[in-house]
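In the structure tokens that follow, the same protein chain appears in two forms, which are kept apart as structure 1 and structure 2.
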Structure 1
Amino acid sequence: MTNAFLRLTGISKSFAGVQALRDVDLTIERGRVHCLVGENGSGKSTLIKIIAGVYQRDTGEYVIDGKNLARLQPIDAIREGVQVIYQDFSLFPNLTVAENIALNEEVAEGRRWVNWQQVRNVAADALAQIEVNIPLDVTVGEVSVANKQLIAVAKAMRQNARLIIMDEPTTALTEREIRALFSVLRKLQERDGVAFLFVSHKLDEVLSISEKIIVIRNGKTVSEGERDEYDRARLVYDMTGHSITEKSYDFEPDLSQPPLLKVENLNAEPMLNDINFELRAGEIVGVTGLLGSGRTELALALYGMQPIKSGRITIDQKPVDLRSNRDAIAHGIGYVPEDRLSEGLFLEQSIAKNVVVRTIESLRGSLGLTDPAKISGQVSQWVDALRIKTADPALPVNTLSGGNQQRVVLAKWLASNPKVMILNGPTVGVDVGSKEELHNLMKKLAGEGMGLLVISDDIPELLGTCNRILLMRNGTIVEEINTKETNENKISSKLIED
């Protein structure tokens, strides 16, 4: 294929006897947008790292720009024009925008002294190349996620990128920020002939941005073709090997019964104003709004992590004072954070320790020491109940896929038997198969009498799992929506700021 910039043929890779990739074929064409999709654990990350030279393939052929490369190191991939923008962006939060963009060139040229004007000039040129305006002297830690993404793109273009690989580039972006990012990338594609390879779990996004789609499953290429050859149903089938049809959560609350959770006239730092809503046993209530609307602040206030100035919160008709997360836990409130990696898990610790961390006091024997048999029993109970896929619960939790890590976070809370569960972005970064399983678990928990508050900007997710949706704007609830009386387009139009 004359337009091929990168061609991989028969790529295989194993780790300690575990086959991660088997005879994978992949072709990246110049100046086109490609999307790589697959479930967690399908081999996407391994494939990206082989393209970038981080991992060495066991077998297979790697041809880039017509050159057959027998062995590839990261510096070789960079010199050939391959740039990878990972989810953490590989930026230094304590350095300025200008320093982050120009750092590679300063190091590559081996300068003993930094020419600060040159640093600013390089950064300004890089941002001008992608036609965005970001203050050069602000530290990267202070800028938005969307601007971090653009800084990483500008940095890649300074390295003469010909292929930019982006791993879950829109996970933490609003719809407006996504449109702005894609506008920049389209310009680079059309003007400079840059090829893109997106890795994404958002299937609607894959279908809207891609020109070519590659699907892998269990380390093998399942299909590869033009965008027009795919619809959502085919993507789901190719990724999972079976069709998925989710049923909406059909729930009618018994209004004669008192609410499980009632929030009245709640005002909390830094932005919540006059919040009022009820959550009944068995309900799944969604909360959505644009980034900065106050949805996460609401979750944190209910979990005792934001100072409450005034208002009234009752659980089972009893007033509660939530001054800390300990208070929330004592009153039966659990919280699954959006960022499970930094807030929800001890990544280096075992799966077992993560599961029992909330209930360890109840697992002590007669002498006050932890009882191994009780711990083992509780771990086995939740690993089996939530179908956590692991060879051994003694393995570190960072060995699990994203979907299984989310199950561990849920297991940790379910073991403590909460009355109310707050789920903030419960399926962020989770593949379509795991997402279905998590949705079914949420519905099962609600069916057993738990009240769930689900915070998400994934409108189809909320429509499929919730009986009501609370729409937030500027720190307050502006509308309550019955999911049976709306659709995705109606809600999306309501989210657009005035």
Structure 2
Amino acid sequence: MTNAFLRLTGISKSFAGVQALRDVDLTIERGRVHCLVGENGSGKSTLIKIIAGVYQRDTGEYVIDGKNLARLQPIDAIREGVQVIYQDFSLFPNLTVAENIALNEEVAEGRRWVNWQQVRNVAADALAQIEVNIPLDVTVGEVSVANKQLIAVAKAMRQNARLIIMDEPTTALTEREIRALFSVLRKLQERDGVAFLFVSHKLDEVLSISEKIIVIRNGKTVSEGERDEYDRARLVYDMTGHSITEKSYDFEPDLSQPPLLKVENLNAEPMLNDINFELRAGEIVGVTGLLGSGRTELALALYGMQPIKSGRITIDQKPVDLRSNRDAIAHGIGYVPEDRLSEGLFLEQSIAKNVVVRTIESLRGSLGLTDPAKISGQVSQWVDALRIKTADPALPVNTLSGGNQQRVVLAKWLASNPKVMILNGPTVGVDVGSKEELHNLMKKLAGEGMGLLVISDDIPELLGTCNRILLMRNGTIVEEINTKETNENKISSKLIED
């Protein structure tokens, strides 16, 4: 393999007792698209940080462009052409698009004065180079996530990137944006010979974009090979060590019982219009629709976070007035938001505290003091149920991998045992194995009498877990689909028709 740009052998890394990587091998070839897959907590993000020089490896060899580098700082990696686009993109929301693109160069050149004309020229050049069009004078805080990503790519290309690494770049993007992103990246690959390394949990995406696949499990390379050697089943097997088959959710609602939640003629800000549906105890109902169809707004309205203009919401046959999320919680409605990482965790606090933060009241002992035995009982119950991968629940949440942090948010809400649970994108960023476990957990909770409303654009997920799927468009429910009478293709084509 003379075409190797970067070759890692026998890399290991541990954090205070946790062995995150042990003996990892990885080869990045020039101008090819690589995907790195593995379960939550298997060490993908850690590996990327080692490649970028952000973490120092404990052992192993790092050969880049034929040079064997002993110690590596972030600046060395950048000089060798390694550019990592982190999930926060390292952009400044308060500065314009143009300035964001040009800033690194201005600093690197040691400038003292700003030449605004030049800033614009650099930015226009950079965007032209990746052939995208983004207005230069708006602040980055106002542009979409997809455009932020493209801005980060444009910045990376200005710094002569030869390898661009993206950790879960597609989790926050819509279908169309994902296609646009990859068409830009493919151009860079063909024209400039840039190599890519992606991390993704969406296996279909992995199979459709990659040329080479690297699978790691528990910090070890399990397999590394050409795309053609893999199919979905092999990926799942390599990642988890066993194969997975999902059963659909068979639940026959008891029609003699009144519905748990009933929504009639609901109109709400900013765009919800005449929403009608019911949710019975034990049911899992899916909600899908393109971005902007109003699905998140519906969840927010039911959670008291969007002003309701008219209509009736009844829970257990009692009309309720949802003016704030406090009202919603008081009536037994729980909501796990889409953007879990920025919405729900105290990152510096322990995993245990984060899990019980909503239920601490109910865990008080006889004297009104919190009862440590009860707390640790509940914590370990949820850590087990959700398979949160940690050495000790007393560790702060920010020592967990991305996917495991998300499980803590889920645990926190599930622990409060609501009557109606609204889950927005429950498995975004969660690996296949755990996805199945989460789905089973959802079914178990429903079996115990909870009503679940699941918002997702992962159609197989909805088909595998829900009884019914509500299809939304332009702020209203356009169709209610029985999952037994449909399939993925039918729903997908319904989604895009107008």
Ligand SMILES: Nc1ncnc2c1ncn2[C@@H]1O[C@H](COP(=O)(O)OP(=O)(O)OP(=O)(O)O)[C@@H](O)[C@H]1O
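The structure displayed is predicted, hence computed values, not measured ones. For residue numbers, the reference is structure 1: its sequence is counted from 1. Take the two forms, superpose them, and find the largest set of C-alpha atoms that agree within 1.5 Å; that set is the rigid core.
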Which of the two shown is the form predicted in complex with the ligand: 2
Comparing between structure 1 and structure 2 on the rigid core: C-alpha of G377 shifted by 2 Å or more? yes
Indicate whether S324 shows a C-alpha shift of 2 Å or more between structure 1 and structure 2, with the rigid core used for the fit. no
Would you tell me if R79 moves between structure 1 and structure 2 by 2 Å or more at its C-alpha, with the rigid core held superposed? no
Quick one: CA shift at K389 between structure 1 and structure 2, core fit, Å? 4.1
